[in-house]
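Only one chain comes next, encoded as structure tokens, the form predicted alone.
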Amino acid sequence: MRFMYKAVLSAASLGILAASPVLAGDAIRPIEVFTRPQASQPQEFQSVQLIAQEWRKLGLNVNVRVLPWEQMSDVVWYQRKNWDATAWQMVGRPERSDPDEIIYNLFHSSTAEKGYNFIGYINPEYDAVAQAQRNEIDQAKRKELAYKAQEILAQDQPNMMLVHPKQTFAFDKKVWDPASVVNQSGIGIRNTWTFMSLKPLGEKKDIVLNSGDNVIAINPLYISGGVDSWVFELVYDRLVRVGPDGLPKAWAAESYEWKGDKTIVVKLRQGMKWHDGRPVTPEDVKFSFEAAVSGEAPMYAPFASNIEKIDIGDGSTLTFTLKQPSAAFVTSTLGKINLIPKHVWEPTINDLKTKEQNAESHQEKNPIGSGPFKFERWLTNEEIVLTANKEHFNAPKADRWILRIVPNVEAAVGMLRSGEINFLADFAGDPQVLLKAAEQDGDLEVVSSVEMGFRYVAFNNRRPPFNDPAFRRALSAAVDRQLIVKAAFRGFAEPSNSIVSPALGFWHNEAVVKNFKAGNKIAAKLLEDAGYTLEGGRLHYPGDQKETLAK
């Protein structure tokens, strides 16, 4: 144990003077922050550069490490003890119109080992609130619990929320009828409803769109990434889909009806077929939900874990009995679980139970769903081609859906202007560039809206010093979100301190955003109050804490 003198946290700007002898720990090791490459994710890359700059002012040695998406995802998801902090995003998905998926799955301790809580955030008080909002049927009381969850997260800062982007997309209005484009609440125009509805105006009938990231998997039991979800939402049906207005609508279910607060009866739509021609049966539906909790699909397990049993009735009826009442069940479970063919997946899951890996690592050669598009081919790093399922009960008007992998943002805009793609589905560049291109070309239509998803920096709560809420609060407070909005997102974003987007007005706790104060002096004071010290310009742990992770 040794005594040191507290130093000025930022001698030039903070003015917090050494005053009394305090206990000082080891210097904090250099910390790494991951980001994707500038060419594919310029907003993310720029944000991380700005953040690193602010953290260095606190006396931290910050290394920005650029990784392609596949590598970054693999390290963050599967090597959960081996990283410090990473830029990350939660994309807007229709079923996230209900906040349960984010509130529960992203932060509940039960999903920390293998599920969505990849940062390892553990807080029993939060767990209780997250569970209570899930079970609360009274909408007003549930709203209070959702607000409370946002307040706890704002206090603990398990992640550093950055912005809710204004998603900007564009399409060729000479190829597609603008009236057939669907702007889904909190999602924007790049959504399943648009891809089913797009009406061709001429001979071009293929939807050709872009992505800056590669697809990792087309797997109905693995939530592998935002772009991947574009694909499997088209290949696989669900009992319910969230509509453009954010409300659940019967889909593969012809109807559903609550029979008490823990029982819901679902009638399966008649005449549905798998892409291999076999009929979709109630047994397939029951199997799909059982597969989610089979132990082979940990990311989907939380969405089906509240189901006590599923009984198949006469004909096409299924009765779901829940363990606990669940206000979010229709959206977060019936609208989340992909329907999969039992004859394909049952032998696969039985085989996987004898092996170390689970269903997340299984990739079908020819994915078979029942959705509005059929899988045709996947050329890794190049393209994915889906063909319209003309026998679907909501058959697309386009012939094919072709996803081109275009890592460079500028190249993607060039391809849109030249006609190589006709729907700009992924654009992380300066929206003003896109607006200018539309003005010059005359055949492009640009649509921008605030999404329900968000960009953030994930802190690895398992590793010191990120396991200290005071340290996390200080790092979060060091960065002015308006700076991120203006410098990295060119004004096309809303500053955030909440996991619930302002696009979801009923659930969004505006106070946790308005009351968030940022600045270097605030951050330095938080560190000082928690016992962190500066010595020779380097930030040290409080007390006699040792650095255990230095390389």
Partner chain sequence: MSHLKAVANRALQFALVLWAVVTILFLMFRLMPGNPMAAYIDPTFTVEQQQALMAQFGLDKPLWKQYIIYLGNLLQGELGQSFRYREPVAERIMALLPNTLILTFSSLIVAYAFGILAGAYLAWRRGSAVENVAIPLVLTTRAMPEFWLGMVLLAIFSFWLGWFPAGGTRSAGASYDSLWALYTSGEFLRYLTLPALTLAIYSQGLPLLLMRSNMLDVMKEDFVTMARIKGLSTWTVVVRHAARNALLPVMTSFAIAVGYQLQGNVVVESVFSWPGLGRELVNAVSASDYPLVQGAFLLIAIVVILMNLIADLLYGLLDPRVSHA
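These numbers come from a predicted model, not from an experiment. Positions refer to the first chain, counted from 1.
The next section is about a form of this same protein that is not shown, the form predicted in complex with its partner chain.
Within 4.5 Å of some heavy atom of its partner chain in the predicted complex lies at least one heavy atom of Gln357. Contact between Glu410 and its partner chain in the predicted complex is found at the 4.5 Å heavy atom cutoff. Although the partner is absent here, Ala140 sits far enough away that none of its heavy atoms falls within 4.5 Å of its partner chain in the predicted complex.
Residue contact with its partner chain in the predicted complex: Trp69 places a heavy atom within 4.5 Å of it. The three residues His108, Ser229 and Val240 each lack any heavy atom within 4.5 Å of its partner chain in the predicted complex.
Partner contact region in the predicted complex: 381-389, out of 307-315, 445-453, 381-389, 160-168, criterion any non-hydrogen atom within 4.5 Å of its partner chain.
A heavy atom within 4.5 Å of its partner chain in the predicted complex is found for exactly one of Thr321, Ser255, Gln270, Ser361: Ser361. The partner is absent here, but in the predicted complex a heavy atom of Arg400, alone among Lys353, Lys204, Lys259, Arg400, sits within 4.5 Å of its partner chain. For the partner-free chain shown, Trp69, Glu70, Gln71, Ser73, Asp74, Trp77, Tyr78 of 55-78 come within 4.5 angstroms of its partner chain in the predicted complex, judged by any non-hydrogen atom.
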